[in-house]
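So here's one chain in two forms, each on its own in structure tokens, numbered structure 1 and structure 2.
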Structure 1
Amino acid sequence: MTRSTERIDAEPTERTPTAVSQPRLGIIGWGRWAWRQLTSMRTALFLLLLLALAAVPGSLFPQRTADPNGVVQYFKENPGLAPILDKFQVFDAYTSFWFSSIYLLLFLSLIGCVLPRTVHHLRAIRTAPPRTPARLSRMPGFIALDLNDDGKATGSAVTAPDAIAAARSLLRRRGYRVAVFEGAQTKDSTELSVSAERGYLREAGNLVFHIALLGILITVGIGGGFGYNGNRVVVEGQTMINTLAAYDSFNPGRFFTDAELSPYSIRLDKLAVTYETQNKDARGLPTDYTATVTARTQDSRNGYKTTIKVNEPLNIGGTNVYLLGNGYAPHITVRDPRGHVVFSDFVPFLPQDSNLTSLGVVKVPDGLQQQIGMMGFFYPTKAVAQNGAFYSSYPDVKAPMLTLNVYSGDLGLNGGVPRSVYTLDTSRLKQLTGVSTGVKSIELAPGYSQQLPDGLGSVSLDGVSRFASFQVNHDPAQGWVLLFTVCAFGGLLTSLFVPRRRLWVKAIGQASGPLRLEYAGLARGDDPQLETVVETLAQNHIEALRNRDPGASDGRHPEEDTRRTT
């Protein structure tokens, strides 16, 4: 998460170019200034907070992508306000110009920060740890001790090169990158030190995290652009095909072409719903939906049987097919006065409550003297409230009942203008039954038939089927999104938990007196363990010196990494 704010703060002359002091800044100058501003930490932080804020309105207002009908409803309820909000793309908040500008600027800022840091980090990996500070005593966790081993125990006294060689191998074994430095030489003392650094992964993880975020953004964009999703209500026994003609609604990505639709068909053989019957507190709660389907691709002669459940989509033809909803489709038949069938269909009724009281519209455009429309409720288990109104008391079909109000006239279908199948435009229809007309509404149980008013014919309820609402989803970049997400998470863990620190061990050989050893460390980023680590290093170093094999490192000078300092 660290970002070089200092870049800007360290160069004050470039940070505050004003029109007054530098009237001839020029386009390039302004561009550089703007770029520096954009890539500064402060701007990134500001954009982050702005992004959080800008995400809020989208949760308060219905969104076209998630809930197009909700938007229509909002327009109906707030005819004055809605168009104004729409101007500001409030109903498309997450693709709006303001939201997009914020995250694009944020990612631009991120790129501007990550690129130079990657370069810098790659260079840092290849360079040795920096020189040991002259005065370790100012560093955190500083420990100084005098070695009073005069060599009696081990045969020879520990020299500064011995101590440093031991420290060097100790640190190397722990994964530190090390470099040995010669310090100030006076006639009284020789100084040798090892400088060690670890935790390059911290910065690497940080970079991976940010780059992966960029990867997520791009792959999400690609997936959204080339993908699609579509919805279709399918009644038991019917078939949906993955062509546009078969969808009830279809939401294409920006670069969607028809050719992306892979040909297959799915026939809903049966939708089985299980309801809780034992637990009296949860009686009627659905516990399982299983759609048994026959899936068939264009090339295969025969389909295969499979199931689709909530949480268990069917993968077919590069798409996933999800079971998203269910309801009842009463089988309604309308006859003309001579008893000739003019309309017969399974009409999906939309559930209105958890006991599946369902609302539906039947449109009979042909075959009768006049077009008729019927609007009514289906109750899977009819119950009567105290005020005489019907309601459904259980979601399964126990005592089904269909009530319909009849309208006649012009359904508005002949003009070629799209109409909602779930509403009846009554502007050019005459109501024939229901409260205002004095004619009782039609009430039907399965197997029963009733006359339509005005001698129009009759209507019967022949049975009840279930329908399933399927969603087909195609996202070609989904796997990539997941890959980048995993990278981002890994990067995040690494960048927050791998400590990056420097450790130093200095050995000062004094002409008169014992060998002095100094230890210190420096945390780069949050490192709660630093002092413990320095202490443990000192401990282990002493132990190593005590147990050293006097012959092995005797006088050997680690020439190869010694850097002479001035």
Structure 2
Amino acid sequence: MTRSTERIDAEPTERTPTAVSQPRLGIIGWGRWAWRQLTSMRTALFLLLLLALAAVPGSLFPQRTADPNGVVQYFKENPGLAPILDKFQVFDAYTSFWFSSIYLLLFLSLIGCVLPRTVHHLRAIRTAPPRTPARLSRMPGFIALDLNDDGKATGSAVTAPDAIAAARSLLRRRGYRVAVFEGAQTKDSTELSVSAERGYLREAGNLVFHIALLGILITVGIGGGFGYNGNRVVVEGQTMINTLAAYDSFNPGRFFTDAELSPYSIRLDKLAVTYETQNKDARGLPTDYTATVTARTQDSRNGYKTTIKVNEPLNIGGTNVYLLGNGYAPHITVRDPRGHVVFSDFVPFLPQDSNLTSLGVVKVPDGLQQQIGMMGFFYPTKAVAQNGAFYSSYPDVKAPMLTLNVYSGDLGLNGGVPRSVYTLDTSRLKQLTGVSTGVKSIELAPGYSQQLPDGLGSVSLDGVSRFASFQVNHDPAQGWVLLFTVCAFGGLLTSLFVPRRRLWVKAIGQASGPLRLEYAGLARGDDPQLETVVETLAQNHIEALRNRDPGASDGRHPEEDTRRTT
């Protein structure tokens, strides 16, 4: 029935309609609105994307927690840009205020999103399957069968209760939750149906995935609060002791205490590096790093030998010790004019290229007439370019040479301000050697010495050893992070591959006429197998009815006497 276009609902009025006035939300209303926006799935996905973007600076710029020497080098190469980036905590990206803010918002969003869905899912599991729709013909994969059975005379006719009982048993064996419903009853017909559903594991997997993500966020936060990581450069023959003062750089968690440092020591016996020598195109590329160390703990005071390789850390005292880098540490000795040693130590030089041309600094604050600083390069295999400049042509020690420029003056070590051992502030120092002074730089080969300018003394290169850069990482929540990661992966696979579907079987018994069977299904989301599942259900149901019907022993299949309507 259509509505007449001539009908007048109300008399026209000349008054101007008043504007609709919206109620004021108030503080509570705005708070609820903000909470709903924060806990929506759209916001959670946006925050996940934003968190991924916020992690990009951590891979583009060196981080103090993982590469403090790289941060020092970046400040040296970019003196104008580096302080600006440091104000925005770019070199501490994963502990910065902006990364932590996104992290916290995502944490709250997941809580507000997961908890209501979990409660709803638990209620849905305890709820019976929904009632069978009145018209199954509107459902996907609909199949209707009129079952003619000649066994009525022997009392073996298939009735509606028999058909529904067989369907119920068949669906239960396939893992469906079932419920039987009665339809409209008349004198001439009886209607029974079974409603079945399965696939709640799909939503359970989805919830496990999100709860596991929440668990990862919590455990990562706990691990970051109670854990620590530190870096230490160890020269061959030297020992690293797990004490706070022994680290070159140390980054503790917010709740870290010195009591968490397990007592142990690691002595670097040998750092072996293997280089490619056969392939001309890859000559000099490292193929293996192996640090042979002697580790000692309270339980093994005599120590035990082991190795540390790239991606094969040493687990000791509840920490993982990683091999991050390597380089050369020339043994430099400085003597005063009378020949007394005022400085003698291995000085790590930081690699600058793939052939390990290395830059280093030597500071001698005491023992001479004035403080001196020396800055120069170490070349493992010295070579001379066409312009006369030195460079290293191979990363292994074949023809080593050390060049140094000497500076004198106040090194700034007595002012109480921490100074990096890898940098030398020359702004208040007088340069004594180098191109600008007219005095040739000091050039040393192992076993040779040379006089310092202005009669300050002498410097010698006594030998060259390798150093290894170790990172010690302690994360008390590492095992929990792995567990939640596995749960998240399993929940994701479950939510992707477990279908959520409902099936219905309806039996309509008639006083005069065949027994009518109807089958249909409905899927939540895309389910390309739904029609096949409904058809298979119908075939198996008919087979079950045939097997229970003695009247079918004459060899005729009930489907031979059926009429299918789809």
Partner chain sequence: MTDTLSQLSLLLIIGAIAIYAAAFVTFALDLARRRSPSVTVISAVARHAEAETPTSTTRLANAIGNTGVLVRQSTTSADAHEERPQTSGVLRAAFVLTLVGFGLHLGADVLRGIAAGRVPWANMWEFSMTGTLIIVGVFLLVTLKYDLRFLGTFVIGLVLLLLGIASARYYVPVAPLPPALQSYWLVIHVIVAIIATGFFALGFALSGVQLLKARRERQETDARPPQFAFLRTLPKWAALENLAYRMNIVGFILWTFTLIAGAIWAEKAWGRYWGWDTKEVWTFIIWVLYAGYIHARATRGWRGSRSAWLALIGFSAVMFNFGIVNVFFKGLHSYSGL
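Sequence positions of structure 1, starting at 1, serve as the residue numbers. These figures come from a predicted structure and were not determined experimentally. In this text, rigid core is short for the largest set of C-alphas that superpose within 1.5 Å between two forms.
Asker: Two copies of the same chain, shown separately. Which of them is the form predicted alone?
Answerer: Structure 2 is the one predicted alone.
Asker: Answer yes if the Cα of residue 96 shifts by 2 angstroms or more between the two structures on a rigid-core superposition, and no otherwise.
Answerer: It does shift by 2 Å or more.
Asker: Using the rigid core as the reference frame, would you say residue 523 shifts its C-alpha by 2 Å or more between the two structures?
Answerer: No, because once the rigid core is superposed, the C-alpha of residue 523 moves less than 2 Å between the two structures.
Asker: How much does the smaller rigid part turn between the two structures, counted in whole degrees?
Answerer: In whole degrees, the smaller rigid segment turns 13.
Asker: Having superposed the rigid core, state how many Å the Cα of residue 59 shifts between the two structures.
Answerer: Displacement of the alpha carbon, after core fit: 6.0 Å.
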